[in-house]
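To begin, one chain is listed below as structure tokens, in the form predicted alone.
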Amino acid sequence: MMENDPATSSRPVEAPVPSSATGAARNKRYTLVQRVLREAGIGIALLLMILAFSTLAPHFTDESNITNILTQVTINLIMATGMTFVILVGGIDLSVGSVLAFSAMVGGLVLKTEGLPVPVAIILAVLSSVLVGMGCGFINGFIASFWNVPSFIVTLGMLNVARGAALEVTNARTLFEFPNEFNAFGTASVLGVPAIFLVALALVIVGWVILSRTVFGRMIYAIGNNEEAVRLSGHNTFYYKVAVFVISGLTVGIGAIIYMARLTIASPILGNGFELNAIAAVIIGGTSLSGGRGSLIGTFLGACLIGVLADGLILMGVGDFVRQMITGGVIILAVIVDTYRARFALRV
């Protein structure tokens, strides 16, 4: 019988690494890589664009122009915030521009109601605009989820319904002469920052907390990644899918009020094409069109990138048609980059 080798017997035996620890490390590395690809990538692109326009575009860094960029970004950022929730579950909302106009017209009618004290009229106008937006969002989400109809088709129908309703409620008239107290908010600023931009920023922060720190947010990501698995685990995905469209409608209603205060009018043709800008901000910000991947930080950066691009091109004297072509090219590039992000994610 052989004796144990002292050198061998004294060597400590290493315990195998638990598979759970390995999985946790892998998930942590995956999350880090995804975050770098999304937020850091778009952040660097935005920074480079700012540096380029600071050199090429006259007056780009003037305080008045920076304020103008923040003001221009506001509406798109608000709408893109709600759109992020929808796209994260693999949906799309093409009706937000028309719903913006419908919400604005209803809010404008309430705001101009005779006999109401100004503070009461403003509160009721905000509530009515938000409720109209949420109502349209609920209809979109309910039809798409209950009858399993692609949200693309449902919201395309709502696009026409809401636009027609916006024209019908005032017989295609533009509303104006709102109370000065209401209009003043559109031009107000806090420490040099437009107040309306601070509202948009607050919505982004609240949305980020919901998506990253709540069970509801985790369910949104889970549904976007694998809805069938979520359903088989005992969760009813119907309510979550309806909820994201209601959230989108809520942000559109808020955006309608801010748009009215900024322009001091409410027109039934407001919001034409706004849905494309909102979707572009979300996709450029790194949220996948297939759902399950993305963040509101990326959406914020994407909306800022679109605003900076438009402003810089205007200051450089680029014509409207060329600006549209460049913006479209940036959107296409973002979609191509998204496909590479998805492929890389599968290999990580």
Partner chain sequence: MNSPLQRCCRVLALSGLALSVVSFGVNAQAQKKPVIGLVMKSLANEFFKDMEEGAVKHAAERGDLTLIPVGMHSETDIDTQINAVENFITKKVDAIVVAPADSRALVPPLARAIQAGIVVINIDVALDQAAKKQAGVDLAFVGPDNRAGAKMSGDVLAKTLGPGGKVVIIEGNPGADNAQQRKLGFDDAVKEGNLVLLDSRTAHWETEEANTVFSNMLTAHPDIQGVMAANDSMALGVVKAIDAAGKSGQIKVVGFDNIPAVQPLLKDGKMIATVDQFGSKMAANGMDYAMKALQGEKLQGWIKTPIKLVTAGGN
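Numbering follows the first chain given and starts at 1. Treat the numbers as computed from the prediction; the structure is a model and nothing was measured.
There is another form of this protein, the form predicted in complex with its partner chain, and it is not shown here; the text below is about that form.
A.B. asks: Kindly confirm or deny that L47, E227 and S290 each have some heavy atom within 4.5 angstroms of its partner chain in the model of the complex.
C.D. replies: Result no, not one residue of the spot touches its partner chain.
A.B. asks: With its partner chain left out of view, which of I269, V118, V209, I153 would have a heavy atom within 4.5 Å of it in the model of the complex?
C.D. replies: After the contact test, the surviving option is I269.
A.B. asks: Find out whether any non-hydrogen atom of R173 is located within 4.5 angstroms of its partner chain in the model of the complex, and reply yes or no.
C.D. replies: Because a heavy atom of R173 falls inside 4.5 Å of its partner chain in the model of the complex, the answer is yes.
A.B. asks: Would L109 show up as a contact with its partner chain in the model of the complex if we use heavy atoms at 4.5 Å?
C.D. replies: Close contact exists here: in the model of the complex, L109 approaches its partner chain to within 4.5 Å, heavy atoms only.
A.B. asks: With the partner left out of view, is T187 within 4.5 angstroms of its partner chain in the model of the complex by any non-hydrogen atom?
C.D. replies: T187: contacts its partner chain in the model of the complex.
A.B. asks: If you check in the model of the complex, is F274 within 4.5 Å of its partner chain, heavy atoms only?
C.D. replies: Contact check for F274: yes, within 4.5 Å of its partner chain in the model of the complex.
A.B. asks: Among 282-290, 47-55, 63-71, 295-303, which stretch sits within 4.5 Å of its partner chain in the model of the complex, heavy atoms only?
C.D. replies: Checking each option against the 4.5 Å cut-off leaves 63-71.
A.B. asks: Could you run down 257-288 and flag each residue that has a heavy atom within 4.5 Å of its partner chain in the model of the complex?
C.D. replies: Going through 257-288 in order - heavy atoms within 4.5 Å of its partner chain in the model of the complex - the hits are Y259, R262, L263, T264, I265, I269, N272, F274.
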